[in-house]
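Below, in structure tokens: the form predicted alone, a single chain.
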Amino acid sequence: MPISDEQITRLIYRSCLRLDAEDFEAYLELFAPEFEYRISNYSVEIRKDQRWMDVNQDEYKALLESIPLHSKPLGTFARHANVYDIERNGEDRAKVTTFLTVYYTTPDGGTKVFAVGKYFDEVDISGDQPLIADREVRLETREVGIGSIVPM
């Protein structure tokens, strides 16, 4: 039975929920074994694209495992995602565009927008469950501050 658009959409939302919970082990289960992860943006100052991160599965897993060793803000992050488009590329892949807002709540309860951007995901739909094979986080926000080690 083919993977539905609803299953693909739920995969994207599930990735946000697992990141919000900082359940990185469960989060990684949503990715295909060969996945790649990038964070990029366009810099108006230098008039070109910047790559903030470009890692494969092993590098990304090591980064997630090291998060407890880093200084990070004491509050919590919450992601609001809205899937805009799902474009199928044959029987085995789908390209998904999702608008993303990341909120940060301080320990005393104040909340602010931390970052805004889009996920550009390539989803493997060849199996029983969809898996993220490639994710580019394309940020509009260019100032995220020190200690923002938790993935977008």
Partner chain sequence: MTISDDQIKNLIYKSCRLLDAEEFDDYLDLYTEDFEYKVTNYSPEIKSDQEWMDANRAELKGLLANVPLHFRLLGSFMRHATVYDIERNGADTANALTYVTIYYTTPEGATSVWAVGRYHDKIDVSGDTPLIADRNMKLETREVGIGTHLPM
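Everything quoted here is computed from the prediction, not taken from an experiment. Numbering follows the first chain given and starts at 1.
Here the subject shifts to the form predicted in complex with the partner chain, a form of this protein not shown in this document.
Colleague: Is it true that G90, K95 and F120, all three, sit within 4.5 Å of the partner chain in the predicted bound form, judged by heavy atoms?
Modeller: Not a single listed residue reaches the partner chain in the predicted bound form, so no.
Colleague: Even though the partner chain is not shown here, does D108 get within 4.5 Å of it in the predicted bound form, heavy atoms only?
Modeller: Answer yes; at least one heavy atom of D108 falls within 4.5 Å of the partner chain in the predicted bound form.
Colleague: Residue-level question: is C16 within 4.5 Å of the partner chain in the predicted bound form, judged on heavy atoms?
Modeller: Yes, C16 sits close enough to the partner chain in the predicted bound form that at least one of its heavy atoms falls within 4.5 Å.
Colleague: Is there a heavy atom of V113 lying 4.5 Å or less from a heavy atom of the partner chain in the predicted bound form?
Modeller: Contact check for V113: yes, within 4.5 Å of the partner chain in the predicted bound form.
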